[in-house]
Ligand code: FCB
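Presented below, as structure tokens, is a lone chain in the form predicted alone.
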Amino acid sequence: MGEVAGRGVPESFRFPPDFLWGAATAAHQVEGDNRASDWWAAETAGLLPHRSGRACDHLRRFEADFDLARAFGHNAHRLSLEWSRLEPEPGVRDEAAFAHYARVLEALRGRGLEPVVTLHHFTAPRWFAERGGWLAADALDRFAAHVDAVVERLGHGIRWWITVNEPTVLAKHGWVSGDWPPFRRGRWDLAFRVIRRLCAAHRLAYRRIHARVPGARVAFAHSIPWIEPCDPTRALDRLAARLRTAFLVDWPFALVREAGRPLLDYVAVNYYTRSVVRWRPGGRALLFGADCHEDHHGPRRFDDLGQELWPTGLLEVLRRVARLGLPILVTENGIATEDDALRLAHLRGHLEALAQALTEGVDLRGYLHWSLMDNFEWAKGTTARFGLAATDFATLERRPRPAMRLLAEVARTGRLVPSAREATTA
């Protein structure tokens, strides 16, 4: 696994005392019984290989899950408010769902956990999808009405907001690879339009949140891989890396600009992997995914989803987005594996990347690990294990893993423990 710029963390280093530490979840992946959503409809129609069912039953077990997070030193938690629960039919607000999420937010605050609230995390109401989803003529108006309802009824006191999650990822899976709803394979033209629409939805939500919530901090969650050429000595490989970076990393930031600046209060970084790319004719093949698995820089390791484990990439991404001159919050970072030692090494490497970024003056405000517990990982179902806590999907028991203990010690003390101590906590 990649070392972090060849540096260790000095003994004198301390994370800031107000640093946000926690984990992230998404409603459909943990709550269960998300029956009014487009994903539930696709699952029940047999269009997806797995059915979410009760997922982690977080809908009913959220207080126990927040107790777990607090017991392991978390002071923040990212969650999404499921649009399809709040508006199961066009223009119909479900009062019980609003009351439920009010209790969820109160449960977080009562445990000293700062809510980081996502308004759209991939899923949408079934009716919205049936009307054309994000490509419908009135999609932005429908989303605006939803945002207004959430902000008016639940927004008081929420400081950290995420409008939409990973526009490029949703576009890729829904309209290019076609393995997510609406299953439109190879429609690059529509994928580009969806990204534009989602970034327009962000701008719209940004203004509405700020109109009602003084002091709100608003961003969209951006999936940012570290992208580099397969063979750095080949000019075409270098060009391929530059083109992919321009499209996957820089273009969404450009799409949320207004009056010469990004309409963002902070940068929400979702970082998982390095993308090593080789030039291939055809152009569009450059835009998504990693093409090259050659060991140009030594052995490379990949998780169960084929994502390369490369902590140095997080440091490089933080350096890059720091140029925007905004605070940064890592809103997702994790590994799909059942190997506790690998997960522990992954977490340590990425915590070292955070520390190095802070020593360089990067305005980093917090780290939210993906995920609090093993959950329903979209088209992979429960086969991809990302949790700080293992989930037994037969009993729904949560079992903290060694990585959860490492993160807890860092959160409580502000420093990384010597690696030799990890064996004693495993």
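All residue numbers refer to positions in the sequence shown, first residue = 1. Model, not experiment: these values are computed from the prediction.
Another form, the form predicted together with this ligand, is not on view; read the next lines as being about it.
> Would you confirm whether the three residues Asn270, Trp370 and Phe386 all fall within 4.5 Å of this ligand in the predicted bound form, going by non-hydrogen atoms?
Every residue of the candidate spot has a heavy atom within 4.5 Å of this ligand in the predicted bound form.
> Classify Thr118 as contacting or not contacting this ligand in the predicted bound form by the rule of any non-hydrogen atom within 4.5 angstroms, answering yes or no.
So Thr118 does not count as contacting this ligand.
> Using the partner position in the predicted bound form, report whether Glu43 sits within 4.5 Å of this ligand, counting heavy atoms only.
Output for Glu43 is no: heavy atoms all beyond 4.5 Å of this ligand.
> Is it the case that Asn165, even though its partner is missing from this view, gets within 4.5 Å of this ligand in the predicted bound form, heavy atoms only?
Yes, contact at 4.5 Å.
> Residue-level question: is Glu332 within 4.5 Å of this ligand in the predicted bound form, judged on heavy atoms?
Yes - in the predicted bound form, heavy atoms of Glu332 and this ligand come within 4.5 Å of each other.
> What is the one choice in Phe122, Phe72, Tyr101, Phe128 with a heavy atom within 4.5 Å of this ligand in the predicted bound form?
Result of the distance check: Phe122.
> Exactly one stretch in 396-404, 372-380, 61-69, 46-54 has heavy atoms within 4.5 Å of this ligand in the predicted bound form; which is it?
Stretch with heavy atoms near the partner: 372-380.
> Going through 167-203, which residues have a heavy atom within 4.5 Å of this ligand in the predicted bound form? Please give them in sequence order.
The one in contact is Val169.
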